[in-house]
Structure formats: C-alpha cells, structure tokens
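Okay, so here's just one chain, in structure tokens, the form predicted alone.
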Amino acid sequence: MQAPQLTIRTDAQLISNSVPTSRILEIELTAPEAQLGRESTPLNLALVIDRSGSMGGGKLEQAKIAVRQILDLLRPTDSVSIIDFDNIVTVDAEVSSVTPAARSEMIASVNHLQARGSTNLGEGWLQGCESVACRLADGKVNRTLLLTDGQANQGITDPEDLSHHAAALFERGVATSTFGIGLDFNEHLLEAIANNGGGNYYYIDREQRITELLMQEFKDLAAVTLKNVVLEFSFPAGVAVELLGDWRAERHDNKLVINLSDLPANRTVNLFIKILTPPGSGQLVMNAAAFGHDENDKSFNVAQDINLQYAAPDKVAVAEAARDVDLVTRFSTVVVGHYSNEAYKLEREGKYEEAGKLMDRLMVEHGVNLPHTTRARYERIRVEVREGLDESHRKDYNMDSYNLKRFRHDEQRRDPDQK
C-alpha cells in the first residue's frame, strides 16, 4: 500500500532577525489509493432520523429512500443502528452484521416511519452515538449520521452542551456528521456538532437532495483508506500560531494536535496556520507529522520539516515581494470562510453593525487576494449582513463559508482571473 503524502509549504522562507515576522504555512495531507481488489473498510454506523412533524411529506419520504439505499450497500462485515426521534427516541434496529435477513427487517422498519411530535434532537443523536460506541471496534469506521430539519426543542437543547458531548464522543472514537434540511434548523449548532465530532456538515436546501448528500457521505466512508488520523505540528518556543478552519485541535506546550478523523482514498486535506516568529538567528525549524491507521489497520507515520531562515530586514523585504501568491490566495479564502462564519453568528443575534464591521475588516485585509468570483460575492455579503439576512441566505452563506474554511470550495482551485 502506498504511504500517505505529506507536504508543508510557506509563503516565504526568510524571517527577520530583528523584529517579529508573520508567515503562512500550508500543510497538505493526501490519503493513498485503495488497494486493488481489497474489500473496503468495515463500517459501524448509526443512522439517526428526525421524524418530527415538520419532516412530514417529502422530507421524511426522501430520507427513507436514502436510508434504504445505504442499507442495500451494507455487507455482513458492517454493523448499523437505525434510530428515529421526535419527542420520543426509538431504536428501530441494531445489528452487528448486515445479513440479507437483517437488511429486510431494517427496511421494513424504515418503511413504517411516520412524522409526528416535536424534536428531541439531543437524545436521538446521543442514542445513535451510544449504539455506535457499543459496537466500537478497531479496524472499522465508526460514525453517526444525524439527519434533521428542526431545532433541538426537547431534552438537551443548549448548543454548547451538545458541542461538548460531540467532542467527548469523538474522544471515545465515535465521529458525527450532520445533515440539516430546509430553513428551520440551527446551522451553527449542526456545524458545531460536526466540527467537534470529527465529521462533516451538510446543508440540504431542498428535499430532493437528501439522497444525493447522504450517499455522498456514505461513499466517502466506504472509501476510507486512513483511519483515526491525527496531525501534530511542532514549533519552537516563542512562535505564536493560529490554526484556521475550525478543525478540532488542542494545544500542548509547543505542539498543536489536530484530529482529522477518517480520510477516503485520494482525499487531500489542506490546513492553514498563521505564525508569528520572534527575532533570532540561524534557522527556525518546524515539523508536521501525521499518524493513524491504514486500510489494513496497520499504523502509519509520515513527517516533514520546514526551515525558515533568519535574515536582515532588507533581505526579508525582498522575500516578501516574491511571496508565493497562489498560497496567499488559498490562505485568504480560508480566512474569509473562517471569520465570515463568526459574522453570521453576530447577524443571527441581531448585531448587524458588528457583523458588517467584521466583514469590512476581512475584505480590507484579504479581499485583494481573493479569486474574482469570491471577492465579488463577499463584497455583496458584507453589505447584506448590515441589513439582516433571511433564513435562506443565512444557510446558503454559512455553507459557502464552511466549504471555504475547510478548503472544499470549487473556487479555491486556481482562478485564471486572479491578479
């Protein structure tokens, strides 16, 4: 099996020997291809379905279609639970091996689901996570998929509490991906659960896309070639670091530990770190190391150093003029995605002017570096947040910023109009 590919880049190699210097680092990790002829990694899933009254009609029916398609693709090596919730949480099925007979029984259970009641999102999701945890096993991809269209209005409702639960469950080995349907759910809550839970967040703008996006996540999970991936970034004392993108990370002395969960074959993750280096002499050496388990459940560990050279201010100025423009562009798109998300939270709270000022600062500092289409869109958004957004725009813009900060947006490919 091929090894994962890890690279680390900077916008410029020289740093000042007399004053602090700001630099950008980009760490890129690519998962290897799947081994030819090898069975994909076994899955341990919980499918948690909101069946509250607001899911009536097309939403629940489309969700049932998606779940049935997933069940059709599971194998005897896979395990799965199906949980539904309104104000009451129901365990519809829990199987450790998806045999043909078990599949038929689960499909029958799904077919009988009907919309009713209110939304005990927290308890439904936690029940799904506990079901995964009970079957937790090395060598499997362990994940809860939460599908909902509403607010958490029963049981645990505080977003911070739910985020803490997501983090604790991820520490136990259970990741969560969230799917918000329509306009009535809290996008910041579902994104926080996914971010803290080591999974992915999806906004489903219309019910016809439920199957498409659930299957997108399922296919990624079925194609995993790296499991439980952790990236450690080590840096000398005195260096200030800021990780962009709302990745789950912890700081331990002079080490930043970033949890990347599971990566499907050929998936590339780009992490952007802003550093501020102290004055000094000689070289400043930093290291990125990624480790976890491959599809054969064998440990892997890849590492890469990067050296920044101290120099006189005049030479640093020359290096600044020759910065890697493409890297700076990629970094600026991630920064705009990261902080515009904060602006949308302010806007939702009715703090329109604060949201606008935050967007203003972003565009002043990074607008010139953005691809043309991204810049035009966010120039418009910074005006709109001052006037207040409707729910459709809130969710569209939040999803856009999520994709930017996670470096998953189509516009983050090289823009021929970039100058």
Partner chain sequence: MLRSEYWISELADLSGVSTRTIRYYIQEGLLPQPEIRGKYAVFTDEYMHRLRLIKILKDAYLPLNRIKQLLDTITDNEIIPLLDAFEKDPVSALSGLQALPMFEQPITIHASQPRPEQVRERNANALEYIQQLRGERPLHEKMDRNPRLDARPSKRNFIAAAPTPGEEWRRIPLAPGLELHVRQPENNKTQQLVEDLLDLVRNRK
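Quantities reported herein were computed from a predicted structural model and do not represent experimental measurements. Numbering follows the first chain given and starts at 1.
Although it is not shown, the form predicted in complex with the partner chain is what the next lines describe.
Only one segment in the set 262-270, 197-205, 218-226, 111-119 has any non-hydrogen atom within 4.5 angstroms of the partner chain in the model of the complex, and it is 111-119. Contact annotation for the candidate site: 123, 138 and 238 all lie close to the partner chain in the model of the complex (heavy atom within 4.5 Å).
Checked against the partner chain in the model of the complex, the candidates 212, 314, 349, 171 yield a single residue with a heavy atom inside 4.5 Å, and that residue is 171. Though the partner chain is absent from this view, in the model of the complex it lies within 4.5 Å of a heavy atom of just one residue from 302, 167, 328, 107, which is 167. Taking non-hydrogen atoms only, residue 354 never approaches the partner chain to within 4.5 angstroms in the model of the complex.
Shown alone here, residue 292 lies within 4.5 Å of the partner chain in the model of the complex, counting heavy atoms only. Mapping the unseen interface onto this chain, residue 87 counts among the residues with a heavy atom inside 4.5 Å of the partner chain in the model of the complex. At a distance threshold of 4.5 angstroms between non-hydrogen atoms, residue 251 is in contact with the partner chain in the model of the complex. Residues are counted as partner-facing when one of their heavy atoms sits within 4.5 Å of the partner chain in the model of the complex; in 256-292 these are 256, 257, 259, 274, 276, 277, 278, 279, 291, 292, in sequence order.
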